[in-house]
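Quick heads-up: it's one chain on its own, the form predicted alone, in structure tokens.
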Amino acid sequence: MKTKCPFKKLLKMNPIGQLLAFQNDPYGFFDEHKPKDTEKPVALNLGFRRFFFCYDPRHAQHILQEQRHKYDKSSLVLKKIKALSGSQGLIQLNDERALGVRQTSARLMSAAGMDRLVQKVDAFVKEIFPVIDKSIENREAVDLVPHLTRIVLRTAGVFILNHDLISESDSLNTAFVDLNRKAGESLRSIAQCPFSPAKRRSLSTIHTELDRIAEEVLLVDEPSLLKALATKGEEKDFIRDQLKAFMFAGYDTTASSLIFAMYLVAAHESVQRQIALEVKRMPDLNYESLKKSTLVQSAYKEALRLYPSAYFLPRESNQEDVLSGVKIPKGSQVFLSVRHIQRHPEYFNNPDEFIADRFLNEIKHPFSFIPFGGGPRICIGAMLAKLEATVVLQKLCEHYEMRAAHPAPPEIEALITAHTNTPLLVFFKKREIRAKKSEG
């Protein structure tokens, strides 16, 4: 008969053991420590720090809105992603300069600016049609991961730089993914990792490409975040950090969410058909029409609910607080488990199921759906992410019927954001409903 090691449980429950468990599998750690009753946050010591893990929408509302002045961005996490976001990038900032950058980017998201992006994304999607058509002839599945990733990166390039990154997409994608992986590994390490040669090479690739592109596109009088910041007279290093932060936040998380959304839609034939019918009723392809495409937006939100790219939101208390009767000391790390909040059975029926039209109705709690955060610090790229996903899902459903090659969802790798580390193989078939659109 096997006997259990008497020290294994003890090691697991002590602060060092808890820290090691979180470092080994942060995604699973949130699962393991989720209480049956989520009314109160879970207090744990990880190493030498006090952590509070929150699983309830009411906690999110308290931290992100009602008592937001008591919580800053987590210095622990900010330190780990500094190479990705830039030391002066919007993600790192929390002052008047941050407000200025948010206002500058918001002005670029006018109706005319968004219409321009709609046409760009539409063209990017159509470029993969020959690949799909060839796969139909050969009766082969297409791995959509590289194609979707490239579309998102190119769209980010247009918005941020007024530059199509098609020639730089592979090198920049590799560099950003590498830095994200190293940031994730750093988050799971006890000590601050040294600045490795590989990390330095990836950062050098990003800086070199962004600087070269910036020098070229500033000569062109077209709207972009780069142009707007330069016109304001911001310093070169500050501008570069904003470009990095927006590339990371606007590209990395959007690509991840679109991949999961594509998997879910490809696995549900009836949803594809309904989206195709919704497209058929659209008078024109523009931003105003996209806003009225409620089903496809609901399907994307449902994918974000089930598989949020930002699977946790890290905060740090700057003063003492009380959360649901639990004292939160100053300097505590407070992690909101976005994935569990968005699958809370009190607020969502059949919370683990994909229900494409779920968001056609109002949700029960305003902070039960927080894939882009919440309150005044909500991600300003949410509009852009929804635009990209809506166009991509609509165009593919309009032209093709899809079937996921594997029933299981893509495997998730928990870095700073949630990624898939497996292909997204999809079989395609021409959709006949397209012929009916011209008849109407």
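Just so we're clear, the structure is a prediction, and the values are computed from it rather than from any experiment. Quick note: we count residues from 1 along the sequence shown, nothing fancier.
The same protein also exists as the form predicted in complex with ligand HEM; that form is not shown, yet it is the one meant from here on.
Asker: Is Arg377 part of the interface with ligand HEM in the model of the complex - any heavy atom within 4.5 Å?
Answerer: Yes, contact at 4.5 Å.
Asker: Can you check whether Lys301 is within 4.5 Å of ligand HEM in the model of the complex, heavy atom basis?
Answerer: Answer no; every heavy atom of Lys301 is more than 4.5 Å from ligand HEM in the model of the complex.
Asker: Using the partner position in the model of the complex, report whether Phe246 sits within 4.5 Å of ligand HEM, counting heavy atoms only.
Answerer: Within the cut-off, so yes.
Asker: So, Thr253 and ligand HEM: in the model of the complex, are they within 4.5 Å at any heavy atom pair?
Answerer: Yes.
Asker: Find the only residue in Phe29, Phe372, Tyr400, Tyr55 having a heavy atom within 4.5 Å of ligand HEM in the model of the complex.
Answerer: If I apply the 4.5 Å criterion carefully, the residue I get is Phe372.
Asker: Scan Leu90, Leu84, Leu153, Ala276 and let me know which has any heavy atom within 4.5 Å of ligand HEM in the model of the complex.
Answerer: It is Leu90.
Asker: Exactly one stretch in 46-54, 400-408, 30-38, 381-389 has heavy atoms within 4.5 Å of ligand HEM in the model of the complex; which is it?
Answerer: Of the stretches listed, the one contacting the partner is 381-389.
Asker: Any chance all of Arg181, Phe335 and Ile412 sit within 4.5 Å of ligand HEM in the model of the complex, going by non-hydrogen atoms?
Answerer: The answer is no; none of Arg181, Phe335 and Ile412 reaches ligand HEM.
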